[in-house]
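Let us start with two forms of the same protein chain, each given on its own as C-alpha cells and named structure 1 and structure 2.
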Structure 1
Amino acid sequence: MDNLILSLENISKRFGATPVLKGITLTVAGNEIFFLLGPSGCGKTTLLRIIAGFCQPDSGRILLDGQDITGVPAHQRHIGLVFQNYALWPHLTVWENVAYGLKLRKLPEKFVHQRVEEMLTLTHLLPQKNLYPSQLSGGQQQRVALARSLIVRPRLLLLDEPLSNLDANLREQMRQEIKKIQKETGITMIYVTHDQREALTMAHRLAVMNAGEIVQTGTPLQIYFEPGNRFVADFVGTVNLLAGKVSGFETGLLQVETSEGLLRATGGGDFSSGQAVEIGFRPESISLRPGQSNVFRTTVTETEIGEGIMRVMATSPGGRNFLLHLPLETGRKLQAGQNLIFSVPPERMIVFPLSPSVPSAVKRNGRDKPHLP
C-alpha cells in the first residue's frame, strides 16, 4: 500500500478471561478515512484505545510511519482523538478550547492566534468564537472538538462514534462536514461506528469486525456487493438469501440449485460441485426487465416508502419472501396482491459457503424473511 501511515500487527487483548481482540492485523494509508465497523462489543473501541495509547495490547505491534510506538505514552504519539461526548472544557470559550493544545506547548501568541483563526474558519465556527460550549448546538460542539484535535496537526485522527449523540439531520450535516474537513486538511482518520450508513457513505475503506476479529476489509462497494461471508452480508445492509447446492459451471457462471430453481452467479472458482452454499442478492440489485437468468415470479404483499425508494415485500409461490428496493415512481404503482416478475443479473448475485453454525435463512423479528428496515 502506498503512503502507509499505520500498521497493526497481530494485536491481541484480553480483559480477565475474556478475549476482546484476537490477532488484529491491518494497515491504513495516508489521506484515508478508514472505518472500523461492527456491532456493540466487537472490540472496535478497545482497538481505537490501543492505537491512541490509552490501553496496552497483550501482544502485537503498532507502527506509525514505520516506527514502533507500542510502548510510547499516549501524549507522545502525535495522534488526535475526538470523543463521543466531545469532552470540551465547559469554562472555556470556543476560542480558548481550540487554542488549548497550542498554549499547552507554550507556542508564540501570534502563531496561536493565526492557527486558531484558521481552524475556526475551516470548521465554520468563527462567529461563535466567544461562546461557551453550553451555548452551542450539538453539531457546533462536535466541530469545536474536531478543531481542537486538528489544530495540533496530529499524524492521525481517531474518532470514536462522534455523531451518535446527534439527531438524524445533524448527523447527515456532520458527515459532510467531516468529509470536507478531511479533504481540505489531508489528515488520515480512523473512525469507529456501528452505523452502517455512516461507514458506507464516508469511508474510503473499512474493516468489518465481529467478536474481536476483522472478518473483511475493503472499499464500501466491495463490502456491500461482495461480502466475504454471511455475517458481513447480513450486518452491512439487507440481503435476500437462499440455501442451495452447487450443480456445476457453465460459460463462466456458477450454477446453484435452490428452492426457487436454478440460479446463476459470475465467478465461483473457489466452489466445487455439490458444495452447500448460500446465494442471494441485495434489494436494489433487481431488474424489472426479464433477464435470461435468475428470474423470480412473485406476488406483492407489502409496500413502504423509504428514503428515496419504495420498499417492496414480495412472496414467491413457494412461500419465499423477498425485500426489494425500487425507485419511488416505479414502486408507487404496486399494490398488495399484484404479480411482480423480476430478475437479478448474475454479476449481482452474492455467493458464499453455507456455514453449518448459521441458519440457512436470515431470521428477523421471528420471520423467515427479510424485514422492512
Structure 2
Amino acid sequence: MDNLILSLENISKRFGATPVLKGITLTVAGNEIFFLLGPSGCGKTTLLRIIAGFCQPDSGRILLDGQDITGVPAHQRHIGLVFQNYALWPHLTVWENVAYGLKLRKLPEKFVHQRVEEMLTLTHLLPQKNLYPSQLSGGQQQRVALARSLIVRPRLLLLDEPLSNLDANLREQMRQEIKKIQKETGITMIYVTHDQREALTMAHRLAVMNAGEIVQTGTPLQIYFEPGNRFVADFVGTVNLLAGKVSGFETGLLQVETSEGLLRATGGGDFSSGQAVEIGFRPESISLRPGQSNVFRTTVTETEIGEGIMRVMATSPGGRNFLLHLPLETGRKLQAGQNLIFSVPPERMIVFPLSPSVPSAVKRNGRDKPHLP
C-alpha cells in the first residue's frame, strides 16, 4: 500500500473492567474513504476518539505519516472530526463557525474571507452565512459541520455517524455530497457507521468491527461476497447458510456435504478435508437457469415485493427455508405452493469455517434486515 497515512498498532482500551478495544491493528491509505462498520457498542466510536486524541489508549501506538502521535494532544494533531450531533457552536454564525479554524491560525483577514467563501460555495451554504446554527435545517447543519472541518485541510478527517440524524432522503443526498467532496478535496476520511448500506455504498475499503475487535477488512465487494465469518456475512446483508463438512476437492472446487446434498464452491484453499464449515449464498446470487452444481429443488411458500426486487421464501423437501431475491418481472409470476428449482454458481457460494463462538449480529428469519434509521 503506497502513500500510507495512518496506522494503528495494537490499540487496546478498557473502561473500568470492560474491555472496549482489544488490540486493534489497522492501516488507512491516503485519499481513501475508510469505513469502520459495526453494531453499536462495538468500540468504533472509541477508536475514532482515540485517533482524534480525545481518549488515550491503554496500550498501542498511533502513527500518522510514520510519526508516533499517541501522546500528542488533540489540538496539535491536525485531525478533523465531524460529530454525530454536529457540535456546531450556537453562539457563532455559519460564517464564524467555518472561519474559526483559520482565525485560530491568525491568517490574513483577506485570505480567511476568500477561503470561507470558497468552502461555503462548495457546501452550498453561502445564502445561510449569517444565520445561527439553530436557524438551519438538519442537512444544512451537517454541511456546516463538514465545511468547518474541511476548511483547515486536516491531514485526516474523521466522521462519527455524521448522517444518523438525517431523514432517509437527505441521508442519500448527503452520501453523494460527501463522496463528491472527498473526490474534489482528496482528503483521507475515516467514517464510522452502523449502517451497512452506507458503508457498502460509500467506502473504498472498510473494517467490520465486533466486540472491540476488527473482524474483517476489505473492499465493499470483498466484504459482501467473501465474508470471512458468520458475523460479517450476517451484518452486511442476508445470507442463506447451511452447516456442512468438507468432503474433498475436485477440479479446483471445494466439496461440502450438507443436509441439502453435496455443494461446491470455488476457492477456499485453506480448508482441510473433514473440517466443519458453513456454506451458503446471498439471496440474489441464484440463477433460475439449470446449473450443474448446487441445484436446489424447493417449493415457494411466500412472496413479497421489495425495493426493485421480489422477495421469495422457499422451502426444500428437507424443511430448509431459503430467502431468494428475483427480478420483479420474474418473481411476480411465482405463487405460493409452486415448485421452484434454482442453482447457485460455485463462484458465488460463500464458505467459512464453522465458528460457534462468534455471535450472530442480528437474529433474523431469512428476511432482509430491517432498515436502520
Partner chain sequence: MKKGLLSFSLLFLGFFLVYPLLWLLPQSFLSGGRFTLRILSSLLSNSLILQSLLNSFLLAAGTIVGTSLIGIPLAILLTRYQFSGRRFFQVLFVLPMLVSPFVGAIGMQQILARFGSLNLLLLRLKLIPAPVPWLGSGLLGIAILQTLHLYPIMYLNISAALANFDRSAEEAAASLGASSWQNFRTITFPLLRPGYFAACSIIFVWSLTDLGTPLVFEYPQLLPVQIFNAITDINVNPAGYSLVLVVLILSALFFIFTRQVVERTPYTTGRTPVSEQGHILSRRAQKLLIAGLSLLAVISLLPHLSIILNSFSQRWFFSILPSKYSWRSYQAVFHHRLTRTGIVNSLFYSSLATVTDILLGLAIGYLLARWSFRGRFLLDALAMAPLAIPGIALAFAYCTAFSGTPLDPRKNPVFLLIAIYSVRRLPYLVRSTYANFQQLNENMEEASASLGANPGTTFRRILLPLIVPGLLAGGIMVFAFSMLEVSSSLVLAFREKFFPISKVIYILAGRLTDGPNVASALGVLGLLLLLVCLGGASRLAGRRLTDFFKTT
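All residue numbers here follow the sequence of structure 1, with the first residue given the number 1. Computed from a prediction, not measured in an experiment: that's the story for all the values here. In this text, rigid core is short for the largest set of C-alphas that superpose within 1.5 Å between two forms.
K.L.:
Of structures 1 and 2, select the one representing the form predicted on its own.
P.N.:
Note: form predicted on its own is structure 1; the other is not.
K.L.:
For Ala243, does the CA position differ by 2 Å or more between structure 1 and structure 2 when the superposition is done on the rigid core?
P.N.:
Stays below the 2 Å threshold, so no.
K.L.:
By the 2 angstroms cut-off, has the C-alpha of Val72 moved between structure 1 and structure 2 once the rigid core is superposed?
P.N.:
No, the C-alpha moves less than 2 Å.
K.L.:
So that I can tell if Asn130 moves, could you say whether its C-alpha shifts by at least 2 Å between structure 1 and structure 2 after the core superposition?
P.N.:
Yes; Asn130 is a residue whose C-alpha shifts (by 2 Å or more) between structure 1 and structure 2 when the cores are overlaid.
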